[in-house]
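The form predicted on its own is given below as one chain in structure tokens.
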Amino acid sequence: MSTRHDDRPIVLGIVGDSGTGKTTLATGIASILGRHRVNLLRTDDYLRYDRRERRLRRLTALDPECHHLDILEQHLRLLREGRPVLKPVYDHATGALVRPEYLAPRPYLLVEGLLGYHSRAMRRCYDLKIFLEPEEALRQRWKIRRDTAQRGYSREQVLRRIERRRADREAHIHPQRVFADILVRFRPPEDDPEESGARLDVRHLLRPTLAHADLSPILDGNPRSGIRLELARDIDGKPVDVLEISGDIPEARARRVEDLLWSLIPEASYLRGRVGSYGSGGREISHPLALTQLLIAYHLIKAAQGVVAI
């Protein structure tokens, strides 16, 4: 552990394939921290080509060649240093590159997108790195729902795009998981493989690059408690702690976990509010999502207090 000696912004990275829930996660974390204290930066804004140009060049947005990654590196460094940037903007609804936006530093910077860990220069900018890898069938359902409702695609177009991107996903997105401090995997419960909302289970792989929250006061070993922590091995064979939260976690137990996490950051209790919302208008609530958002916010608040992992 080390102590910070500056008051620069705290930077969170959230990386994952298209449709993995990056924006939902980031928006909820911003709500916990206080939206007026947070900048949300989407790396898709640094696309080099608009939708029409990508189609003509037969490139996908997952390809690093489609992005101004050198400018993204520069902007991450400047924002981390507490300096403003003139950020490009990509409009997902139209597929066009539009007027840039002035971004002044705030206490927290949440960076979400496809290629946020692509280079060492980018990776050095983050205090905490998250990688999202939901079960693939679930990701596809999320992507179809979003792209047909918000981005003007038909279901058939979305499915074709998923297939066309498969090689780039394996080449450029998946390899970034190795750099994450926490890997988050949402998946349907065994008794309902079509579930895509509040009853989703979530699995966190907690790498030893961070001092994770002590959850022992609420881990009683009861298989029906809806939450458990165990030692396992990642796909590379390295040991990790695995935190599992059931979509059916009892309301009282979920509240106990929330209360415990807030008790570990009492100086931030004034930020406590509604978390775990998703869907149109944020009307639905998921306890696994809420606890995921809060666990990540815990690390950011701790980093802001001056204690960071090395």
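When you see a residue number, it is the position in the sequence shown, counting from 1. Model, not experiment: these values are computed from the prediction.
Below, we turn to the form predicted in complex with another copy of the chain, even though it does not appear here.
Across the options 258-266, 30-38, 245-253, 50-58, residues that bring heavy atoms within 4.5 Å of another copy of the chain in the predicted complex belong to 50-58. For the options 208, 197, 84, 189, the residue carrying a heavy atom within 4.5 angstroms of another copy of the chain in the predicted complex is 84. Only one of the listed residues (94, 140, 74, 157) places a non-hydrogen atom within 4.5 angstroms of another copy of the chain in the predicted complex, and that residue is 74. Heavy atoms of residue 107 never reach within 4.5 Å of another copy of the chain in the predicted complex, leaving it off the interface.
With a 4.5 Å cutoff on heavy atoms, residue 70 counts as touching another copy of the chain in the predicted complex. At least one heavy atom of residue 88 is located within 4.5 Å of another copy of the chain in the predicted complex.
Among residues of the shown chain, residue 99 is one whose heavy atoms approach another copy of the chain to within 4.5 Å in the predicted complex.
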